[in-house]
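Below you'll find only one chain, the form predicted alone, shown as structure tokens.
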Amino acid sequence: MSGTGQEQSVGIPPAEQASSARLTTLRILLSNEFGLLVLIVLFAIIFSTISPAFLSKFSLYALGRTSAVNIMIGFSMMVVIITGGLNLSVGSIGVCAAMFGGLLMQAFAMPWPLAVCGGLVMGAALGALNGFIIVRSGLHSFIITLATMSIFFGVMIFLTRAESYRDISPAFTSFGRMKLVGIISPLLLVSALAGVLLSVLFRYTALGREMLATGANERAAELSGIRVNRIITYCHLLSGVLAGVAGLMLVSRTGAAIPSMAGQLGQDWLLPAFLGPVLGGTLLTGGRVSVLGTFLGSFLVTMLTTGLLLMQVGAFWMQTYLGMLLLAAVLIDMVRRSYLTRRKLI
């Protein structure tokens, strides 16, 4: 018999097929990504009701341009978290890369593509230095990156004398201020492209699978032949590159390389760096990553910040709300994973 319905039912009873479909649907509905999509739609409705200007063309453009940087910051932390580590120097590395790129454009009149490459090389070098010190010392990345956060920023301030670089290539700054179809920032497309490349890395490459294996069980990964120390260094190097991209995006957006663009010691980047990956479902203990979840989580954080600003909420309360959101995200994820484990869905 060649009937399609009969072919689908061979070997799998209809009751089991229906049960499997229900479990798949339940797994999707309980996923971080679906929950974030629901929250994005919900808050968009709430903010647009309170302030109709929230959905104006300018507001949507500004939201996309700001979220692009936050998404890249989240990616920078995410690629270290997957190994069970942390990178508290994300902001310092991003500022150092941006300042070096600005220096190349202003002091050496270097074409902006070469200056951008130079800035990314600086970010990669600082990230690799973090990884090298971590694997050689055996200390936790929290301690090392907490120290290098101050060291990188302090050396940068000393070398630049805390002066900004404002003679930036007009072509580079115009890219950051460009509007596609009136509301889309090309910076957001850069972040989306980075997300696609990271997804390919973790899903289809041996290096990405080794990064995940290292985070899931470092000892088992080492016994299976994975060079764990090298993988940890690679993760920090990649984190430095992504932090450099975020810093250079800010330069393109503002038209200047400013030492304080990420706050004192780069601390202004720390909360967005954690919120995106944690909201997206990346495990702080390592071994699990969600690139799409980090993208959506970082976008949600930016949307909340933008909406609260339109509601004229003070900066203190904004930081309070974001901190509460981070705590709630961790607790909700614990409950969600416990439920999925009991139902044998993970």
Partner chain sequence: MSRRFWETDWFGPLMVIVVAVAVVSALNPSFLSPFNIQVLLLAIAVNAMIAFSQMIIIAIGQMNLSVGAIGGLSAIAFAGMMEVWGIPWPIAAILALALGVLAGVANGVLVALTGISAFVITLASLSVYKGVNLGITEAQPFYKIPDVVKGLGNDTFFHPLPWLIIPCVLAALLLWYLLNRLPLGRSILAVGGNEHAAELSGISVRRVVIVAHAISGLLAASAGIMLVGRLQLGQPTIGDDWLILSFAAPVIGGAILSGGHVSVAGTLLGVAIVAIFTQVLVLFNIDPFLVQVVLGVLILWAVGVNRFREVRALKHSAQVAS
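Positions refer to the first chain, counted from 1. The structure presented is a predicted model; accordingly, all values stated were derived computationally and were not measured.
Below, we turn to the form predicted in complex with the partner chain, even though it does not appear here.
- The candidate spot formed by 88, 265 and 334 is fully in contact with the partner chain in the model of the complex: every one of the three has a heavy atom within 4.5 Å.
- Under a 4.5 angstroms non-hydrogen atom cutoff, the partner chain in the model of the complex lacks residue 51 among its neighbouring residues.
- In the model of the complex, the partner chain sits beyond 4.5 Å of every heavy atom of residue 75.
- For residue 37, no non-hydrogen atom is located within 4.5 Å of the partner chain in the model of the complex, even though that partner is not displayed.
- Not displayed here, the partner chain is approached by residue 162 to within 4.5 Å at the level of heavy atoms in the model of the complex.
- Proximity to the partner chain in the model of the complex, taken as heavy atoms within 4.5 Å, picks out 137 to 145 from the listed stretches 191 to 199, 228 to 236, 213 to 221, 137 to 145.
- 151 is the sole member of 178, 183, 151, 121 with a non-hydrogen atom within 4.5 Å of the partner chain in the model of the complex.
- Of the residues in 283 to 300, only 284 comes within 4.5 Å of the partner chain in the model of the complex through at least one heavy atom.
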